[in-house]
Every structure is written in structure tokens, then in C-alpha cells.
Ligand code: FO1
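Shown below, as C-alpha cells, is a lone chain in the form predicted alone; questions about how it binds or moves come after it.
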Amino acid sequence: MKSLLICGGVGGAKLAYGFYNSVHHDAFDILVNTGDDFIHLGLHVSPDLDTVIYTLSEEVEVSQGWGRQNESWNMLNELKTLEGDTWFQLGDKDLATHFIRTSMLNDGKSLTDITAHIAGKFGIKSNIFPMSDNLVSTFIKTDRDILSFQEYFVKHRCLPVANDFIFKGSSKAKLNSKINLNDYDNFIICPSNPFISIGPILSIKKINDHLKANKDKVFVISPIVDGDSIKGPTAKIFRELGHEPSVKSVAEFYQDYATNIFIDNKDSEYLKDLNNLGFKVFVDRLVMKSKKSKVDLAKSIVEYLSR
């Protein structure tokens, strides 16, 4: 049995860590959102790819879920002294990743090959694939303006009211050529933000069509527990779009793509609603605050998939 983890952000990286430490490294691949990639200070930054790599290699700063542990900030402090742009924080260790990625891109290497190179240097044995080697850029329509993902998420700290989402370049983007969707027995949509972490991946036609045609093989792990986000602005965005932040809203978002959903035991009251929407429901503990909880959830998912 082989799984494709559809992943973005901290929540997705946590579940990927659970899989990485509970099943064989060849038993799953990780397809990662690149809609939040951007150029900063001349460097190509891939936040979600780096978060997955740092998390699986246990190099991530656990307290925040992103960036490198034992990081230093000499460059950023000097940049501040020079009155440079410091709203997006780049640590000294993290900079090395962006330098090598940018250099290899300038040499004509693909983002897929560069990601494999970096992951290999971090000792990672499983495949981590960017969703595409083509540029797809996420923009958020807000009550203030149309903002790029990093402007919305980091510079403005998700404070503007979100109205809609644009995935620039997605109509021409090709799914990562290393991914043969027919190779996978199931597809696991990680507990990532549906709108800005999973949405860019679903905006690519090939995987969108495949999931819709194979809904019975798709398992959604809810990013909402007990009416709130596990991580990030998911609940806030649901409210701003006029929806209750609940597992029911999550299921409605994915109704065209999946027939299976994992919810937390705190949300058992929604079982009937989810069944009425056509979902088979699995109940478990979804909050991953420790290494053990990440591994336990992954093991539970694999156990359900094996039945």
C-alpha cells in the first residue's frame, strides 16, 4: 500500500513526520504546496518545502513549527541596521537553504531536483515533491487589497479580511512530473489550511480531476478541532467567508474530492452531519503537540487504511 500525502504548512509537516517515523520510507510520498513560494532579497524562498524538510530531519524550531532550531540572526540584525526590509525573517542557517536553491535554479535545475538535493543533504529518505516545477503564486483578495500570500500571512499577520483566493499561473502549471497518480492506493489530505495550503495544489487540473474521480481513495484529516484551527488562520477564514469553523465546513469544502474524513473525538457530535454529506468518518486525536502524538496519529491512519 502506498500513500500520497498532500501537504502544506506546519500541520502537514507534523503529520508527514508521523508517517516518516512510523512506516517504511517508501510507503508514502509527500506532495507539498509551493503557492507561497516567493522571491525575497533576491532569493527564492519555499516556506512549505523547507518546513517539511526541517521537520522530518528534526532540524525545525519546534516552538514555532518552522525555521531552524538553534538559529542565529546576524544577517537580519545587520539588515535592520542598514534599514533594509526585515518583515520576513530569515535566519542565518535558513539563508543557506535559500542561497543554494536560488543558485541551482539560476543554473537551470528544476525545483524538484533541488528539493531532492536539499532533502538528501538533511538525511531524508522519503520523497518530497513540490506540487509543480511551474510557478504558481497564491494571492488573497482582502478588504484592504489583493495581497500576495506572504504579505497577507507574514507582513499583515492574517489580519485583513479574506474574500477570495487567486492561484496565479495554475491554469498552465503541470503537476510534478515525478508523480504518477495511478501509483497510489490512497491520498491523504493533511491537516493544512484548505484555502491557502491545499487550495493551490487542487488548482492544478490533473490532480483535481484525479481526486474527484477517485473520491473513495481520498482521506481528509480535519484542520479544525472543536471549532478552532489546529494551527494558523483556518477558522478565521471560514468565518470571513460566512461559514461556521467546524468539521462540517471542512467536509463541505472537500465534498467533491473525498468520501473519508478523520475528525477529533471532540467533534463526535458532527457524525450524523458528516454521514449525511456522504462521508465515512474516523474519530481519533488529531492535535499533534508531541513527537508521540504525531506518530500515534499516523499509525492510526495507516491502521484504518489497511482494513
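Quantities reported herein were computed from a predicted structural model and do not represent experimental measurements. All residue numbers are counted from 1 along the displayed sequence.
Heads up, the form predicted in complex with the named molecule isn't pictured, but that's what we're talking about next.
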Quiz item: Given that the named molecule is left out here, which of 103, 89, 163, 72 has a heavy atom within 4.5 Å of it in the predicted complex?
Solution: 89
Quiz prompt | Among the candidates 184, 195, 167, 153, the residue which, in the predicted complex, approaches the named molecule to within 4.5 Å (heavy atoms) | solution = 153
Quiz item: Would residue 149 show up as a contact with the named molecule in the predicted complex if we use heavy atoms at 4.5 Å?
Solution: yes
Quiz item: Is residue 267 close enough to the named molecule in the predicted complex to count, meaning some heavy atom within 4.5 Å?
Solution: no
Quiz item: Quick one: does residue 66 come within 4.5 Å of the named molecule in the predicted complex, counting heavy atoms only?
Solution: yes
Practice problem: Mind telling me which stretch in 24 to 32, 268 to 276, 46 to 54, 245 to 253 gets its heavy atoms within 4.5 Å of the named molecule in the predicted complex? | Solution: 46 to 54
Practice problem: Taking only heavy atoms into account, state which residues of 22 to 37 are within 4.5 Å of the named molecule in the predicted complex, ordered by sequence. | Solution: 36
